[in-house]
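Next comes just one chain, in C-alpha cells: the form predicted on its own.
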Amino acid sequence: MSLHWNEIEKIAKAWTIEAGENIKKALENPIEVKAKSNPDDLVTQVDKETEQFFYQKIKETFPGHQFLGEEGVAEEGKLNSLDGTVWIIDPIDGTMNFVHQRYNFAISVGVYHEGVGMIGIIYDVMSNEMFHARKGEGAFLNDDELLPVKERPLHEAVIGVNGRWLVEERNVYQNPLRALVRDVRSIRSYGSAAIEMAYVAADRLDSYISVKLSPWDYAAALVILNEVGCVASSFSGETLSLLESGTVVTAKPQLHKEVISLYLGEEF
C-alpha cells in the first residue's frame, strides 16, 4: 500500500465531512422512508445514497480494498473474510432519529487491516462532533484529545440501553437487564449505537449495552474505545465478530467486568 495510515485517515475524514454535508442538503427536501425487516427498521434513500457515495470513493481510490455496509450496495455482496483492508460503514446510524428528529444520527466508518482496527470515525452530523482515532495514536473529539477513561463504581454509573429491551418479553436478557438498571445510577437512550459508544469513549456514558448489533454499528467505535482504555465484548465476554451480529457490552474495564460477571455472563 502506497499510502500511510495517517493519509488514509485524512481521506476518510474528508469523505465523512462531505457525506455529512450531502445529508444536510438532503434534509432540505422530503425524505423517502421504507421499512426493512419490520415496521420499526427504517431505511431512506439518503442511507443508500450515502453508502453508495463511500463505496464509489473507496473503489476509485483504493480498488484493492473490501467494503461492508449496512445497506448492501457493494457489488461483491456479503463479506466472508477480513483479509486485506476492509472498510466497514454505517451510512446513517440512527435512521429513526434521522426520520423523526433530524438529529442524533451519525456516520460510522471503520477501517480494518487483516482484522485489526486501524481507523475509527463516528461523525454526529448535526452536532458537528467527529469522534475519531487511529490505532496507537489516541482518540479525539474534533481537535481535542480524549483522556483515558476513569472508572466509576457500578452504583454511580450511567449506562446507555434501549428501554425496549427491558419490556420485551421475548428477550431472554430482560430480567438481568432490569436488575442492572435498578443497580446503576441512571440509564440513557439516544437512539444511535455509534453515538452512544462514542459517548462511552468521551466519558459521557460509563457503558453501552445492546442485545443485538451488527458489525457496521460498532466497527468504528471499537477503534476509538480501545484508544481510551475501554473494553467491548459480547455478553459472554467473547471478542465481537466483524462478520456476524450479536450481543454487545462496551464499558470501562472494571465496570465491564462487573456487568458481565454479575448480570449478563450466565447462560439462559
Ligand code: IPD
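This is a predicted model, so every value here is computed, not measured. Quick note: we count residues from 1 along the sequence shown, nothing fancier.
As for the form predicted together with the ligand, it is not shown, yet the points below apply to it.
Colleague: If you check in the predicted complex, is E70 within 4.5 Å of the ligand, heavy atoms only?
Modeller: Residue-level check for E70: yes, a contact with the ligand.
Colleague: Whether I119 contacts the ligand in the predicted complex should be assessed with a 4.5 Å heavy atom distance threshold; does it?
Modeller: Although the ligand is absent here, I119 would stay clear of it in the predicted complex, with no heavy atoms inside 4.5 Å.
Colleague: Answer for I107 alone: is it within 4.5 Å of the ligand in the predicted complex, judged on heavy atom distances?
Modeller: Result no; I107 lies far from the ligand in the predicted complex.
Colleague: Whether L213 contacts the ligand in the predicted complex should be assessed with a 4.5 Å heavy atom distance threshold; does it?
Modeller: Residue-level check for L213: yes, a contact with the ligand.
Colleague: Just give me the single entry in V111, A133, A193, I159 that has a non-hydrogen atom within 4.5 angstroms of the ligand in the predicted complex.
Modeller: Checked against the cut-off, the match is A193.
Colleague: So which of L180, V125, I92, A139 gets a non-hydrogen atom within 4.5 Å of the ligand in the predicted complex?
Modeller: So the residue touching the ligand in the predicted complex, by this definition, is I92.
Colleague: In terms of non-hydrogen atoms within 4.5 angstroms, which of the given stretches 180 to 188, 92 to 100, 148 to 156, 79 to 87 touches the ligand in the predicted complex?
Modeller: Of the stretches listed, the one contacting the partner is 92 to 100.
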